[in-house]
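Just one chain follows, in the form predicted on its own, and it is written as structure tokens.
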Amino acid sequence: MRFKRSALVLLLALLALGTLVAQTTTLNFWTWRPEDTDAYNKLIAVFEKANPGIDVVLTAQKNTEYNTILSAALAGGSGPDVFQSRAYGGLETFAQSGYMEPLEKWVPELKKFDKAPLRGATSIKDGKVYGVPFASQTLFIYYNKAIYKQLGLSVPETWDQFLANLQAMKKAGVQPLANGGKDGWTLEVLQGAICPNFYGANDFFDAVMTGKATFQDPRYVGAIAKLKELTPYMPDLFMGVSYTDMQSSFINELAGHFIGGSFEAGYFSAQNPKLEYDVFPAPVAKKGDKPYVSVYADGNFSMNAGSRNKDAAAKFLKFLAGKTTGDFFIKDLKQVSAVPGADTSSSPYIQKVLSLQKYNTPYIMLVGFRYQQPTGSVLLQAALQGFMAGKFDAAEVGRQVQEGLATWHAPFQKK
């Protein structure tokens, strides 16, 4: 009798365990930031503690390969339940392919988000919201404070002052710029940081969007030409220098400047907690000009329309739309969170970024020209690689971009 009772207890325990196992849902979550894997796992642990029936498995793909891998996975029915999605035109492609679930009914918290970040998560074709915006990014220049102090340099306001600082570093045997050109997207970032203050920022953006100006406008061509003035201060054989090489050079204090985005700060600090750096907006043509910075909605968290775990995915997305995640982006990733009510007061760096956004302009190709093929980014990146390598001049960059965009941007097709 005692044996039967023990067997019954064991059977009931096994049944209970089986029920628990059956109730556990595994969510696959993809990101394009391998650099942030450790930080994201900390955030996921907070979610899992509050939702014991859901396990989130994080997979980080290489940035430049992410879209291709994600598209293939979604098309093949093996994609993640929740994934980082690009903003603007990058979102449009996946949304209109039927790979994304509209989120209004799943994540009502989206109603509280500001219009600017939501623009990057909304389809221009059907007006539906397909993502939870996670951050805005700003393009500017990082500098090593210790090197500046050592050489007695001041933060530059004008282009000539900036070039003088670069020259002073070169003369002192310090690599002035970490930037290279192997990865075309980093050259687009270079353009986004430096050129607006030469082509006219918002005035020019509005003009090309409406067809009142083209990318062959002397203002734009002249702005592109300014980039060539930086090449004497880039690493030797800079066209072979990759993004990770750039990061490593600045992190290890081998280079005095890094022209990039606000998204770099968290990784810089994590890799070298002793690194003393600060940021400044790209220099203006002459003293007194307003220093504009390019700003954009970086991306979103989206749900796979084919997911078999939509209820669990919605819980995770609601968490990603909440204050815990917003504060995490500010404190751990050092990024300007899109989540309403996120606490910016704890981060002097974020306060600095927000102050630079006083004069802001759209990151031109990402915000305005990624909705059809060939995208402005693809055209510009290829053209800039040829230009920086010395194969042709700035006017040719403008011509290639203009001719490619004129195949689909209606305002450029008007007689």
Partner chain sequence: MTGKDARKGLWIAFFVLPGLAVVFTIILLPLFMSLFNSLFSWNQLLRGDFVGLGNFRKVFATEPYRTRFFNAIGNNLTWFLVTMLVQNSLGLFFGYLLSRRVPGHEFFKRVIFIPVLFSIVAVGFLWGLYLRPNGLFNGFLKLLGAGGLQRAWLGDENLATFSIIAVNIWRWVGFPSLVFLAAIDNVPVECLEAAYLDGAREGTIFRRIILPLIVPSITVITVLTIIGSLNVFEQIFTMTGLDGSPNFSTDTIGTLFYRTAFGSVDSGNPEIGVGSAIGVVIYALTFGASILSIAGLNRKEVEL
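As the structure is a computational prediction, the values presented were derived from the model and not from experiment. Take the two forms, superpose them, and find the largest set of C-alpha atoms that agree within 1.5 Å; that set is the rigid core. Numbering follows the first chain given and starts at 1.
Missing here is the form predicted in complex with its partner chain; even so, the following discussion is about that form.
This chain is drawn without its partner chain; in the predicted bound form, the residue among Q271, S97, Q161, Q150 with a heavy atom within 4.5 Å of it is S97. Of the residues A382, L43, V367, I350, just one reaches its partner chain in the predicted bound form with a heavy atom at 4.5 Å or closer; this is A382. Only one segment in the set 46 to 54, 23 to 31, 370 to 378, 351 to 359 has residues whose heavy atoms sit within 4.5 Å of its partner chain in the predicted bound form; it is 370 to 378. Put simply, P108 is far from its partner chain in the predicted bound form: not one heavy atom of it is within 4.5 Å. In the predicted bound form, K226 stays away from its partner chain, with no heavy atom inside 4.5 Å. Using a 4.5 angstroms threshold between heavy atoms, E65 counts as touching its partner chain in the predicted bound form. Contact check for D327: every heavy atom lies farther than 4.5 Å from its partner chain in the predicted bound form. Residues of 86 to 103 placing a heavy atom within 4.5 Å of its partner chain in the predicted bound form, in sequence order: R86, G89, G90, E92, T93, F94, Q96, S97, Y99. For K125, a C-alpha deviation of 2 angstroms or more is recorded between this form and the one not shown after rigid-core alignment.
With a cut-off of 2 Å and the rigid core superposed, Q175 has a Cα displacement that falls short of the cut-off between this form and the one not shown.
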